[in-house]
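Shown below, as structure tokens, is a lone chain in the form predicted alone; questions about how it binds or moves come after it.
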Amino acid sequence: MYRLLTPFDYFEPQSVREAVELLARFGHRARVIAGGTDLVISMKKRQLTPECLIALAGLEELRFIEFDPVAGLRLGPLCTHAEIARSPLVREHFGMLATACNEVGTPQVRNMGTIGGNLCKAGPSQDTPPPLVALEAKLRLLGPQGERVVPLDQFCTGPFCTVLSSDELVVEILIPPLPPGGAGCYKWFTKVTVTDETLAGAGVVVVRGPGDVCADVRIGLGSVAPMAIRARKAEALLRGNRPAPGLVWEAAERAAQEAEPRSRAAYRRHLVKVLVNEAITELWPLTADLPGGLG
């Protein structure tokens, strides 16, 4: 049930450093607001009643999309899902991320919600973490003590919980380039609801190596565990082998076993098998046509 917001102070810092100083000053009494698509709803439900909001929308230094062939993709945390989904750089080099961003919520949410806010929310059913986990993305955090870089698969500690301190900001998302012979995709299945929440999602990266074997594979799963996870046992089964149909299905079954669904467990595990099998089966022929794909 939505209610009137409780009174709060509102700050618009003019720099990232000022924002960090405000966070250090107010600590747990403050909340950062970017797009506000999740935070405002939580405040209306009285799930959160912060004493002050620190608005980041005016900080253009946190809004950028840049690509370098060696360093990879750099995303500012204030980039909206819509901006990322339609970015030529993202679509060309990391199409699976563009796909995932285009599936977030509704058009209104995609136009307002930011990638940084989405990751900091740490909801189990979000679309962007599975492909980002498979892409081995990292987050650059800034606080009073300086900077630190955290791999995304170590950022979340549980549903709606992260390692982010109350006085830290996410200032950059770093995604390394795909290896030669590498390709990725995002597969998902949604509930039939107003917002089409994802019931199961799989971000998969496959790399073809010398001898037509799978040199590397990364499988990120979402909405089937307390947080986005890597299906590392399934990856190990494929790595170094030729992904024949039987082996791919066995790996998909193993990925399903690694899932920890909070509800509808049997159905969600079945979806994991289907999605992972479909992703690898679709990606493997594509890698043969990529530079370095045949070794």
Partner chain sequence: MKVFAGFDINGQTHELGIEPHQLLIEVLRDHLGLTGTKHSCGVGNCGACTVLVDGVPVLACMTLALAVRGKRILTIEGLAGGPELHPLQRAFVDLGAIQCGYCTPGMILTAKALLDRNPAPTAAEVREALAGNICRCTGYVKIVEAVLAAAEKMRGREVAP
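This structure is a prediction, so every number in the text was calculated from the model and none was measured. Residue numbers count along the first chain shown, from 1.
Although it is not shown, the form predicted in complex with the partner chain is what the next lines describe.
Participant: Select, from the options 106 to 114, 87 to 95, 198 to 206, 141 to 149, the stretch whose residues sit within 4.5 angstroms of the partner chain in the predicted complex by heavy atom distance.
Facilitator: Among the listed stretches, the partner-contacting one is 106 to 114.
Participant: Ile33, Ile65, Ala259, Leu59: which sits within 4.5 Å of the partner chain in the predicted complex by any heavy atom?
Facilitator: By the 4.5 Å heavy-atom cutoff, the listed residue in contact is Ile33.
Participant: So in the predicted complex, does Leu5 come within 4.5 Å of the partner chain, heavy atom to heavy atom?
Facilitator: Heavy-atom contact with the partner chain at 4.5 Å: present for Leu5.
Participant: With the partner left out here, check for me: in the predicted complex, does some heavy atom of Lys44 sit within 4.5 Å of the partner chain?
Facilitator: Yes.
Participant: Are any of the heavy atoms in Leu53 no more than 4.5 Å from a heavy atom of the partner chain in the predicted complex?
Facilitator: Output for Leu53 is yes: heavy atoms within 4.5 Å of the partner chain.
Participant: Given that the partner is absent here, does Leu237 sit within 4.5 Å of the partner chain in the predicted complex, heavy atoms only?
Facilitator: Residue-level check for Leu237: no, no contact with the partner chain.
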